[in-house]
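To begin, one chain is listed below as structure tokens, in the form predicted alone.
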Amino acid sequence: MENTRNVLDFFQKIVKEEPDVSAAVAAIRTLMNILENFGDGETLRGLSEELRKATEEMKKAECSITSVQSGCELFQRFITLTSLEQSNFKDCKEIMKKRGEIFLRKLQEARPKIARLGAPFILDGHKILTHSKSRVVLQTLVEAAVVSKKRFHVFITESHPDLSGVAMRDELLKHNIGSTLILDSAMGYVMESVDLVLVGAEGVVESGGIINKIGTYTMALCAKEMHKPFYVLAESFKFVRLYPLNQRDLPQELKFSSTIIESNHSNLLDQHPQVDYTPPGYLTLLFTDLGILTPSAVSDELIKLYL
């Protein structure tokens, strides 16, 4: 790609034209495109710098950048594991491309694997509460309803300000899954009548907690108070090297879009954050492509990923 502007355009085109593709996968496909078109006469240092610049540019997009950050970092670590063993850059690049293709394939296999793990926890007659729109939660619900032939009902929050819950409800209706759209403020009212909560995650942090759409923490608090299981479905490429202790510890670039930060850098108190942090003590289990994990087991898996 000629410049960073082209990187952002390429990334945003994938996100816009392929709604089933997550932002992280779109970002990694963008990095693969850079890798494939990088000159054979260049250097590893130059390639590494180009990938770093592209990652920073994609963080300016108006979408979840938590998974973009973690996915790009894991991708670069994976493709460079054996690259330095070769004597010339062209051979290194070929090995990196092959490893990149393997990594991308593993990412694309993650969602079906999680759906198969999560579906058995949904039983006939269950009432389920979910928040916002999550592709992996949707696939798990479809797996339970269409493949396993279970009948259940889903309550979905509208999820302001982007009303992503409306899109989730529409997707469920396409698969004839009974669903009810509720106000964000009604989650406490509905909680007493549901059997479990299913949410996705934009990022899973080192403590075993999650970063997700604003309102997730509130839902987890209600679930904990009413003794309802709170299950998180997340791909391992969303495991991010952060250890927030509270909401203030979340980096500003994860909480606000780049446009808002640039135009309100001196005062963000009047702006609404896009995500919140839910501590591990409020989560029951995490369903990932690495298996079903307790929050306390996340740190071990994250270390393995980033070694």
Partner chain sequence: MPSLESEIEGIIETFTNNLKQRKFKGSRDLALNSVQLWKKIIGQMKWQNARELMDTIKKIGKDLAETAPSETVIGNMTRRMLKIVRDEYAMLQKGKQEESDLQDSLQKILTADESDSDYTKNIPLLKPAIMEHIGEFLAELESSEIDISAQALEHIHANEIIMTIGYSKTVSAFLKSAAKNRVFQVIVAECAPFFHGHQLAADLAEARISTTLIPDSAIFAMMARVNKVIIGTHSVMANGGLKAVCGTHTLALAAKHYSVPFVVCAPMFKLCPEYVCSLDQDGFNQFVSPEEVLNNDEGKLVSKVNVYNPIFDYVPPELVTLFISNTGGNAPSYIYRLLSELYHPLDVQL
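Residue numbers count along the first chain shown, from 1. Note that the coordinates shown come from a computational prediction; the quantities given were computed from them, not determined experimentally.
What comes next is about the form predicted together with the partner chain, which does not appear here.
Although the partner is absent from the chain shown here, none of E18, L31 and V136 has a heavy atom within 4.5 Å of the partner chain in the predicted complex. Interface residue among R111, R99, R169, K93, judged by heavy atoms within 4.5 Å of the partner chain in the predicted complex: R99. R77 is the sole member of H160, R151, H175, R77 with a non-hydrogen atom within 4.5 Å of the partner chain in the predicted complex.
In the predicted complex, the partner chain stays beyond 4.5 Å of every heavy atom belonging to I14. Proximity of F155 to the partner chain in the predicted complex: non-hydrogen atoms within 4.5 Å are absent; the residue sits far from the partner. Put simply, F103 is close to the partner chain in the predicted complex: some heavy atom of it is within 4.5 Å.
The closest heavy atom approach of F239 to the partner chain in the predicted complex falls within 4.5 Å. Residues within 4.5 angstroms of the partner chain in the predicted complex, judged by any non-hydrogen atom, belong to 229-237 and to none of the other stretches in 140-148, 229-237, 176-184, 214-222.
Counting a residue when any of its non-hydrogen atoms is within 4.5 Å of the partner chain in the predicted complex, the hits in 110-126 run K113, F121, L123, H126.
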